[in-house]
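Heads up, the chain below is alone and in the form predicted on its own; it's given as structure tokens.
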Amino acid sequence: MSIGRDNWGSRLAFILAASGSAIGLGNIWRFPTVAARNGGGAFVQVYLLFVILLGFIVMVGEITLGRRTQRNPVGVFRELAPRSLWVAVGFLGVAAGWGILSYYSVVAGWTLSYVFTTAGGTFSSGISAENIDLIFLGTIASPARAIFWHFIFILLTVGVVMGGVKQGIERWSKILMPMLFILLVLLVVRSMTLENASIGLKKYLSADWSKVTGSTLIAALGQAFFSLSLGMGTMITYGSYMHRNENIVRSAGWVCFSDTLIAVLAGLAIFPALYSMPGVEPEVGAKLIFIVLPGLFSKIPFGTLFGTGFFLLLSVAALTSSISLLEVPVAYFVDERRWPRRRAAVVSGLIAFVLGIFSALSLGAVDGLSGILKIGPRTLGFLDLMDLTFGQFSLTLGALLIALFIGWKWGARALVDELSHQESGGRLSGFIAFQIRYVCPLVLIALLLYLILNPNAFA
């Protein structure tokens, strides 16, 4: 254990912080639409099954590694597998944290800018669809605006992480997570009162098993792993700040529950609103958030207030995730290089900001960054390439290697022994060990192969 290392003040603090890491933009702008396109309630049930049988298992494993060693991802493998190549898995986690944060903060900056754009009445009654498109294009294609909001979001993230575990991450998690939940519930209530809301609810929640195919299963599996922040070292890092007497299994269960609850609630907020207007169809990602929904806000009663709250919700969700992403490299510098936390946070944030400039300029501001790689019908810009590399392949590979390490190198027996401390695992310990030794690696290999063969699967 590192001397003088900070710890969470309570189990609730860990649950809020780890839930904040898992809950991000993907829960709100991707999960509801993917669910609706893949059988609605049927997709949700399949997703829940994967979260319980696979995502939860890997999360328990990652948290256990962190608590056992009280170290960052690199330090974990240096301690448990000294002088071996396994340390590369730790460095992969640190690199993934930097890589994802660099482009994630660009997109998060858009959401932050839209809080002010919407609050100012830009999407007021009568605005045309063409003008809504132009506003979004002006946000992403203007070099000055794209870099400015990217910088502001990185600055907010660095400011929180500089405060440390208790005074920074824990304090702000206790503010931001309840705020996120309250905002989302208010949006759900408002959405439910819209005309034709029941049509959207039926589209979202009705279980249509005829739409469940092999690609649906892969989509649910990918969403489960990507949504829970697995494979990038965040849960290892957050687990390293846990006290030895905390119950890992119960805490991981609450994190999975919170992440899934927010994703489902996001659908209850978005779909009644979508189907309150005739002729509107759901889209995935940026088009849904920045073009389709602002069009709706301009047509519904109190749309400015509804829209401002929605983009504030997105910004809060993005910030809770970006904090955990930055904490991974910061923990590495603090633990392994003995840097002061402030220095580690500033340097790590600066690296993410500089790298993110290329993503900020790749959506129209600089032509050379807009079309780097062509895969099938899709042309990838720098931001898309970063997402493919770090947001998909790196996370899947990282989760696979962590599962293999725990199951076969460190050993399932060691996992059970650690979970047995303070009766953390109880009767589930044996099941968790079996899953992480045999089932999780096989499923993650299948997911990795699918991604290689279908790189546009989660676009």
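Fair warning: this is a prediction, and the values are worked out from it, not measured in the lab. So that the term is clear: the rigid core is the largest set of C-alpha atoms that superpose within 1.5 Å between two forms. Numbering starts at 1 and runs along the sequence shown.
Just so you know, the form predicted in complex with a small molecule exists too; it's not on screen, but the next bit is about it.
Interface residue remark: Ile436 is not counted as part of the site for the small molecule in the predicted complex, having no heavy atom within 4.5 Å. Using a 4.5 Å cutoff between non-hydrogen atoms, Ser113 does not count as a contact of the small molecule in the predicted complex.
With a 4.5 Å cutoff on heavy atoms, Ser251 does not count as touching the small molecule in the predicted complex; it lies far away.
In the predicted complex, the small molecule stays beyond 4.5 Å of every heavy atom belonging to Ser362. Out of the listed residues Thr157, Ser321, Ser102, Ser240, Ser321 is the one that sits within 4.5 Å of the small molecule in the predicted complex by at least one heavy atom.
Interface residue among Thr117, Ser315, Ser227, Ser298 relative to the small molecule in the predicted complex, by the heavy atom within 4.5 Å criterion: Ser227. The chain is drawn here without the small molecule; in the predicted complex, the stretch among 330-338, 299-307, 230-238, 130-138 whose residues come within 4.5 Å of it by any heavy atom is 230-238. For the candidate spot formed by Ser21, Gly24 and Asn27, every residue has a non-hydrogen atom within 4.5 angstroms of the small molecule in the predicted complex. Once both forms are fitted on their core, the CA shift for Gly398 between this form and the one not shown remains under 2 Å.
Once the cores line up, the CA of Phe31 ends up 2 angstroms or more apart between this form and the one not shown.
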